[in-house]
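Shown here is one chain on its own, the form predicted alone, set out as structure tokens.
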Amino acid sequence: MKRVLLSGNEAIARGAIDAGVSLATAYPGTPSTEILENIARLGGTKAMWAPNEKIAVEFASGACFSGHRALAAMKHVGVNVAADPIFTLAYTGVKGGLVIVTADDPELHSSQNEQDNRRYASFARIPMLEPSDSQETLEFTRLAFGLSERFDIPVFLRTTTRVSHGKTVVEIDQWQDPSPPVQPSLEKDPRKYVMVPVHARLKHVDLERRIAVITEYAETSPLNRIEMAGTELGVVTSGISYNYVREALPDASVLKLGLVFPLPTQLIHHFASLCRRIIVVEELEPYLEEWLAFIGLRVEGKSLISRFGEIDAGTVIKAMAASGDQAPEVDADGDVPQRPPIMCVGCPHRGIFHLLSKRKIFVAGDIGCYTLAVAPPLNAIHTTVCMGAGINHAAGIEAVHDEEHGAVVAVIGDSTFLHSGLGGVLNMAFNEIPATVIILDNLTTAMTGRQDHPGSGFDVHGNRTRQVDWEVLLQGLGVEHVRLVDAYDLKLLGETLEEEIKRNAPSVIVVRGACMLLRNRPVKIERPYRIDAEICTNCGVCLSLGCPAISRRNASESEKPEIDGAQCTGCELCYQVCRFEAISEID
């Protein structure tokens, strides 16, 4: 046995390999991205990026139908994309174990909403395990595949940002699987896997039978445990919240739930009978609290702790103090400065958004680095809802709005387009809606750490693979007018933009420029730029690019802008926007 420091995502990767997973697949999304990356790094199983989460789940379920263990990982909103197959997979059941990782994001560190995916477990009728640290994450992942096979059902493994990214000590041992994998085989069984109504009606009844059996298992499962410390206060909790409870309330008794669906009703009643007062500590939704109330228990929960954002030990302490109970003092409020995210120096997205911000154009946005263009000084994004929505927003506006309101365009990244933008362009072309779509092709999935995708030309291992041909793809979807433009050529970009927004037909502009953080990116200019203070008129146009390498000393408007040569990548954008030729390369 050895002790190592692992994040929750690293622990999932190790646990999946320990359990004999044959196929792991995912679409990158914070906070789940590193799971597949670590599986690929460790080796021993097939690891593959999928274009989106729905495909990932269907890909993994195909492997499990043939008796192989499979894992599909995604962030919480990815489950929305994958929900269609997930709900029906609860009916079909599995052959090889199938585990679906949902990495939730309380506090919206890198997400557009704060949904609590424990609701998905009860809604889809799929068991859900929720570890509280990396050690449990390793153990729960190992066990999840055997449980999936034992009960003939997919299993959710839910983490949150703090579990996914936080590192704790993990004891790695020579694990012996108590539920060895089934023997892989491909057998035809239409009654099990073909969900026509006559089969699905029977499988729905069978699903509820399986859930009843799993509920009996939950009553005595080691995944759920009581930690008695006294009879005055009992806390019901799960996941990361358990750690905060242990820190804030060391004298409280705790019912720690590791299997959060289905819940062990008898065990919960037994715990409640041991304590005078029962509170529920959980992040986001009152999921556990509502269940305890449903089974007839008088509990406190969201009356003490907010349903918004993350909690911590300090949150629990303040909640107890507000309710009249004293708890140990913990300095949980650190003076941490705000560091809003910004586009990188030399980002290929900056030029097009600078042009859009100078025009009367409504910009329907999408999910990716480019969403940062909503912030000053660019102020160039006007909608962002979910992956692929921007194209449909722009098309919907164009379908009904008066031309006097100005032009409308959609912006979407290359990875996001291949994830869920094809259908929007297909709809736009099919219905002949004269909208303009701008695909920002930076050859990677930049926002989540530069993962490859079908447009990058590389797989998860860095091996060369087939690369999407944008012109062929878009013309195949019915778009006749496709323009490919260099992201750093502002003059051509501006001319192309003007031509396409005036065109009375569906059109797509592919703005091409490699992410500045790619190791193998083509370098345009090696030398940085400088501003000649004698020529500069202090007009501030270069500052309107929002480049972090350009600033005024002491943030004083009376000071002329300067370029930090240590940061400058030589992208030329500031050189192109300066009307007074005050910007030049450093000799």
Partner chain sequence: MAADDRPTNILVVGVGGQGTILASELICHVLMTAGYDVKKSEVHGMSQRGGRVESHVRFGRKVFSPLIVRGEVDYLVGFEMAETLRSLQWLHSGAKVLADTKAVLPYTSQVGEAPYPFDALERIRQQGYELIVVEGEEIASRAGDVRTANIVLIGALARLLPVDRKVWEGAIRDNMPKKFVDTNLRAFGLGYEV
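Residue numbers count along the first chain shown, from 1. As the structure is a computational prediction, the values presented were derived from the model and not from experiment.
Not on display, but discussed next: the form predicted in complex with its partner chain.
**Student:** Do heavy atoms from each of Arg246, Gly546 and Arg552 fall within 4.5 Å of its partner chain in the predicted bound form?
**Tutor:** Heavy-atom distance to its partner chain in the predicted bound form: all three under 4.5 Å.
**Student:** Taking its partner chain as it sits in the predicted bound form, is Lys302 near enough to touch it, meaning that at least one heavy atom pair lies within 4.5 angstroms?
**Tutor:** Heavy-atom contact with its partner chain at 4.5 Å: absent for Lys302.
**Student:** Please determine whether Thr30 contacts its partner chain in the predicted bound form, using a 4.5 Å cut-off between heavy atoms.
**Tutor:** Because a heavy atom of Thr30 falls inside 4.5 Å of its partner chain in the predicted bound form, the answer is yes.
**Student:** Answer yes if any heavy atom of Pro434 is within 4.5 Å of a heavy atom of its partner chain in the predicted bound form; otherwise answer no.
**Tutor:** No, Pro434 sits far enough from its partner chain in the predicted bound form that none of its heavy atoms falls within 4.5 Å.
**Student:** Hey, in the predicted bound form, does His109 get a heavy atom within 4.5 angstroms of its partner chain?
**Tutor:** Contact check for His109: yes, within 4.5 Å of its partner chain in the predicted bound form.
**Student:** Of the listed stretches (267 to 275, 425 to 433, 338 to 346, 464 to 472), which one has a non-hydrogen atom within 4.5 Å of its partner chain in the predicted bound form?
**Tutor:** Contact-bearing stretch, as computed: 338 to 346.
**Student:** Pick from Leu223, Ile240, Leu497, Ile126: which residue has any heavy atom within 4.5 angstroms of its partner chain in the predicted bound form?
**Tutor:** Of the candidates Leu223, Ile240, Leu497, Ile126, Ile240 is the one lying within 4.5 Å of its partner chain in the predicted bound form.
**Student:** Of Ala380, Ala364, Val94, Ile311, which one comes within 4.5 Å of its partner chain in the predicted bound form, counting heavy atoms only?
**Tutor:** It is Ile311.
**Student:** For the stretch 1 to 18, return the residues whose heavy atoms include at least one within 4.5 Å of its partner chain in the predicted bound form, in the order they occur.
**Tutor:** The stretch 1 to 18, when checked against its partner chain in the predicted bound form, contributes Arg3, Val4, Leu5 at the 4.5 Å heavy-atom cut-off.
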